[in-house]
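Next come structure tokens for two forms of one protein chain, structure 1 first, structure 2 second.
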Structure 1
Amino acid sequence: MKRGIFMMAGRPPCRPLGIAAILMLAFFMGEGCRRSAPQEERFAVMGTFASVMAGSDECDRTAEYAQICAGKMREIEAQLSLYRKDSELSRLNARAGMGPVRVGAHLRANLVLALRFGELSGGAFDVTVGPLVKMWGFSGGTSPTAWVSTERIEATRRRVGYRRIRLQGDEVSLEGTNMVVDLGGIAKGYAVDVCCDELRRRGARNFVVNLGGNMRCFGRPEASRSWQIGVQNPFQPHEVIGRLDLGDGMAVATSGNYERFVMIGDRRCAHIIDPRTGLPVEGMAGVTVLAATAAEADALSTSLFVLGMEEGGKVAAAITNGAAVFVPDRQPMEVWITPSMTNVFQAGSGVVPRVISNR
């Protein structure tokens, strides 16, 4: 690993369909640790890779930070995984239409946030999209060999609707039978926040936690500079289109169509489904967002991928510290940014970002 450069690449160990799960932006820049201790630790969890990086003053604690994060992430995975039959989420899904289920704090917090983004996005973000996601061959579903019929799409769409999630205290009911909650668009960001809170509780001050492209940073890599993140070019994954300068506590997430997709005939279907139409989202190659927490960034990037630039720009503006970079799925490449991104995004050479109007 080159000094000062943090790079995520490669395939996760346990994704179905051989689909790469790392929906990654790119790399960190800035000098990390100047001592001999490792500056970055990586590990596999939640079907992807996680990494932790510590600033130069505390880089000798990198391994300890990583161990703390791995423990927390595995605990959250055990509760929120759709792939594990014994997870709390699977138990909730198994009781869809059968009355309330008592849930723990992690699942509840994810659902509270998911409902908020359901409202904010006008239903573009919907964690009950599970049956559609599976129908198109993701989250454990089998990839269809031909385009799915309108009748089947409509029938599956009727099983979707976040408003039929009822939260009362620590009890949750899924009011429709056959509903499936899929937290794939939010849980990784949530896990990053939990890890950051735990690290800070234990005295960590300068670090970055990354889980499959959901990142949050605190402090600085060294006194003279802030954490910077390269935004990946969705069409040329080894290139960046620009950099983001991250302030203390800021979070970044990316949603894209270039890592996880299935081919049906010659059509490339992204793993993000528009719950309003039941179809895989087309039109956007990548969306990178900033938010005040990693859970919000995660939910926001998925929401904006569905909504596109105009509607998505308004949702980003409604979130504290929300900002976005959009790359539409067309050539020649265009880069669009929300007004609040202007001071944060430093375009790479040859990239001229256009600002999305707020009106």
Structure 2
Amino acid sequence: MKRGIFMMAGRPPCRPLGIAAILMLAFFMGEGCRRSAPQEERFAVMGTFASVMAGSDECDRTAEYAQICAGKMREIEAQLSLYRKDSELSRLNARAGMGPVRVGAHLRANLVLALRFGELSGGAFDVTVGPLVKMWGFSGGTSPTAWVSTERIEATRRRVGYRRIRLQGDEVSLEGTNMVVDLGGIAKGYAVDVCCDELRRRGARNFVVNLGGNMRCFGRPEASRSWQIGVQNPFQPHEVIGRLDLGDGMAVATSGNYERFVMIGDRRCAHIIDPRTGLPVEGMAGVTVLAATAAEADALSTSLFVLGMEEGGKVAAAITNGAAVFVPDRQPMEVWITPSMTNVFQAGSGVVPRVISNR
């Protein structure tokens, strides 16, 4: 559904799947473990690339941290993958409309979060949106040759609705017979949080976990520096519009329209679909979100992209430590930030951010 990340200090094995919207800034990665530089390990998982970077005082544990995270992420993938027929999520979807299914802790936790953000966003975030996404030619669907008719959109929307997910204890039921739950907009952020919790339990203090652009940082890379990332210019992929200084435990994620899209006639349609209308979202080029957890940042980046600046800014303000950078899909480029972002976002050369009022 969104986001990739790569470290500017080294070239990734290949471009991550999703939207490469966040760039780690200016940490030189030398050969071997050097106390003067943080270290990074990368691996493939959950259909994208992940990485773990340890601070300079823990660089000799980088490979250990990566191994721990890879194991946790693969465990979560086995339960939450939409593309594995033996996953817990696939079994739930197969039982749509057929009564409750007992689920494990990972799936239940993701559904609890999904329902929370469905309500918080007024339905802009909806983990049952998959049929609409596929209808517009994404996630394995066939690209339409003409604009989809209102009748087809409405027929497909009848299969969508997060409020028809029922949770009772460790049992879940999907009320609609053709419903499909897709956790692509939250599961990667959740996996990052699980990994961070596990690393901290094992004594890690200074590290970054990144999964397909969903990132969370703890501690510092070096005693005199904070973790910093650059926010990519959605119109110029090799440029940044500014940087973020991340505090201890903070998470970041980005949604954008500039890498995954289809052309229908002369209209460019982004892969992010508004569940409330069934239409591709228009008007936003990119949204970068800070939050207290990676799962929150993951869900918020999609929610705010759908909601736009005015409504999205209000939702961001309702989240603990929530802050956002909005780039509308128009020229000349504009950069808008929520008030809570003013002390975190350092604009790049020639960029003058405007502050969104939450009133």
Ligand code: AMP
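Whichever C-alpha set is largest while still superposing within 1.5 Å between the two forms counts as the rigid core. Quick caveat: nothing in here was measured; it's all calculated off a predicted structure. Counting starts at 1 with the first residue of structure 1 and goes up one by one along its sequence.
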Determine, for this pair of isolated chain forms, which one is the form predicted together with the ligand. 1
Please say whether, between structures 1 and 2, the C-alpha of residue 265 moves by 2 Å or more once the core is aligned. yes
